[in-house]
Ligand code: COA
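First comes one chain, alone, set out as structure tokens in the form predicted on its own.
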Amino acid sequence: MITPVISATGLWTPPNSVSNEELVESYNAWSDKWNAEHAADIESGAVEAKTHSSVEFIEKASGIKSRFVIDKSGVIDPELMRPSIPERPNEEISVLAEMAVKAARQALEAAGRDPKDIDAVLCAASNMQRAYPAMAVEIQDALGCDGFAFDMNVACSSATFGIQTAADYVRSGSAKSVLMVNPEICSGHLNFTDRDSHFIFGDVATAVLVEAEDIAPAKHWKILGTKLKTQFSNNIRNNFGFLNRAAPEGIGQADKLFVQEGRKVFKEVVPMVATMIGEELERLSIEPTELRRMWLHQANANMNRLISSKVLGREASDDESPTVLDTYANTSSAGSIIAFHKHSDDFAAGEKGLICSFGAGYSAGTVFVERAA
């Protein structure tokens, strides 16, 4: 059987960073204005007053300190409270595709691969810019790749699902080189007027090149095993789609943006993911002590701390479970790939690690890897 490997990764980061202090200032200004406009209803008890957010609240709840976004001006404008990203004409490359291409080119360069060598392009992300033509086909065209391309969406687990899909194509012989990209404009579906979630997301793009071992560069990652799991839940939801004709304004249409029951998600996802990792370790005959590092989904620092402790049987060190959440925030499917991209160069040949995602669906994915050289 053909062995699939990860040949290289790529990362593109937007130039605009928004600190917690900036986000809190804009939210509190918006909430004061809202409270003034609804003073009569608040006094009568018809609606509740909006309470202020704070830097301390955000960091305690999530571990996030800042995030990168495509547009900063609209996000921190109390009169707008959403990113301002102008539509582009059909003849111009879309924003999502442009992000993906930048990350993809970095991965291709790292592997010494020409776009013409790529057999397939998978665009795996939480929020596609449009329904069709597929974002992946536009990315394929912009890069100059042959073969085929398609989109896939499994929310925050899209990247691990994409890696397994790419690996399956390689194993079957359907493709020898598959480019999997994760462009995420998470700020576009975030309700910046919701105190409990206005700080969660950031924007970014990542890329992973999955290839047959016999054509991969010497420094690659052997994919030891992958496992995917889904379980339906309404606790993380976004109802915006083509059946919702009006563009969401962020106020009064909260269910057309990101919504979640955070405490329920924490309670239900942590044991599900920890059990899944443990079962896959056993199936692959890998001891937890053999894991040099876990690149976990970057959604919540407290969730990662608890999952890693359940897997290892003790508190994980920062080296064993690195975080990028503090500077990138939650970037949905891209989070674990950012962590892997930034914190994997120090591995020696034979050392093993785990890329793991979890999120809406519920969905979860594990990719166990071993450094080849």
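Nothing here was measured: the structure is a model prediction, and the numbers come from that model. In this text, residue numbers run from 1 along the sequence as written.
Separately, the form predicted together with this ligand exists; it is not shown, and the next lines address it.
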Could you tell me which one of 236, 108, 228, 175 places a heavy atom within 4.5 Å of this ligand in the model of the complex? 236
Heavy atom within 4.5 Å of this ligand in the model of the complex - residue from 262, 78, 271, 133: 262
Could you tell me if residue 321 has a non-hydrogen atom within 4.5 Å of this ligand in the model of the complex? no
How about residue 98: is it within 4.5 Å of this ligand in the model of the complex, going by heavy atoms? no
Taking this ligand as it sits in the model of the complex, is residue 210 in contact with it (heavy atom to heavy atom, 4.5 Å or less)? no
Contact label in the model of the complex: residue 66 to this ligand, heavy atom within 4.5 Å: no
Listed range touching this ligand, judged in the model of the complex by heavy atoms within 4.5 Å, from 307-315, 338-346, 34-42, 48-56: 48-56
Which residues, if any, of 150-181 lie within 4.5 Å of this ligand in the model of the complex when only heavy atoms count? 156
